[in-house]
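Here we start with a single chain on its own, the form predicted alone, put down as structure tokens.
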Amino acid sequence: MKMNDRKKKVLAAIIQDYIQTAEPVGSRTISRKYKLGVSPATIRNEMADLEELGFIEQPHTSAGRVPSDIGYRYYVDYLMEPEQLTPDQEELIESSYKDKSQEIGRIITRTGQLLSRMTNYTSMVMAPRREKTASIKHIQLVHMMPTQAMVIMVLDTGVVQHQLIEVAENITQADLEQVSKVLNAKLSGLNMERIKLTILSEIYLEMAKYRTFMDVALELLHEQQEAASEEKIYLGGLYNMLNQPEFHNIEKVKTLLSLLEQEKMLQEILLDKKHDGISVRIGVENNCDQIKDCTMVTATYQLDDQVLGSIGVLGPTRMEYAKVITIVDHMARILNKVMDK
């Protein structure tokens, strides 16, 4: 049995109606709302064929039909009409990234907030994947208070990290600039795995006067590099999913919330991609059992052709696919530009 144009139109109408209403769709509804030019009886015959093909299913409690995961997949791959961002949406995104001085953490958090706000689903954003091979690009020590200084470290991925350390009262900004100069000369271009004991010994010899806080500063560099290798997940719109009819079941809610607390599992979900670009995993296509009733739309963002992280939207299989795919794709492209700047 082949998918002819009429079957495609009926399937598209069923999916579009179910996305909007969350109610099983009958032949009379399709005939009345979608003007396909055929009778309800003809639509019923087409629906019977679509059910036989596995594209739609009949819930036990209703005479109507609902899309199956296979039906959604066919819709996304062959029937879905592309959707454009509205001018208001473009302005919202553009204005959110105007401040070029934002730190990576704020940019990632803002991205998650935008994704959840614009889609009304749950967003997941993985902070830049800064492997242990990330190298030190620049180090700067800045005098803050009589007994405090700020250590600022810039990695070659563009990530900026900073932390306050204690210093002696007699330490001046000139002293800190001298320390910064030596640290940059010795450590620039290296990651922690390449910073050997001999290099540290050289630094100690040149910086003997400042040993009181050099230990603290070098330990900080080590801690920051270790932290940089961890992939952090930022969630947005966590409770948006609870507003969906599919998740009024308390057991489903518990299962979903328990998943969203497992950062390692979320990392695997976000990175479960077979190819570059947008990835849409529907229902059983997800490797994680806890989201077999969900759809996950993800995309990676990059810097100099190196994948830094991933963004995604988690929603029910009854998702507004065209809208979500457009937003995720656009946000990933924006993040590429922001990271490049």
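In this text the structure is predicted, and so the values were computed from the model without any measurement. In case it trips you up, residue 1 is the first one in the sequence shown, and so on.
Same protein, other form: the form predicted in complex with the DNA, not shown, and the subject of what follows.
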| Within 4.5 Å of the DNA in the model of the complex, all of 92, 105 and 113 (non-hydrogen atom) | no
| field | Proximity of residue 42 to the DNA in the model of the complex, heavy atoms at 4.5 Å | value | yes
| in the model of the complex, residue 306 touching the DNA (heavy atom, 4.5 Å) | no
| Non-hydrogen atom contact residue 61 with the DNA in the model of the complex at 4.5 angstroms | yes
| Partner proximity in the model of the complex: residue 37 to the DNA, non-hydrogen atom cutoff 4.5 Å | yes
| note | Checking 12, 332, 25, 319 against the DNA in the model of the complex, the residue with a non-hydrogen atom inside 4.5 angstroms turns out to be 25
| message | Please identify, from 61 to 69, 311 to 319, 296 to 304, 281 to 289, the stretch that has a heavy atom within 4.5 Å of the DNA in the model of the complex. | response | 61 to 69
| Taking heavy atoms and a 4.5 Å limit, what residues of 1 to 17 are near the DNA in the model of the complex? | 6
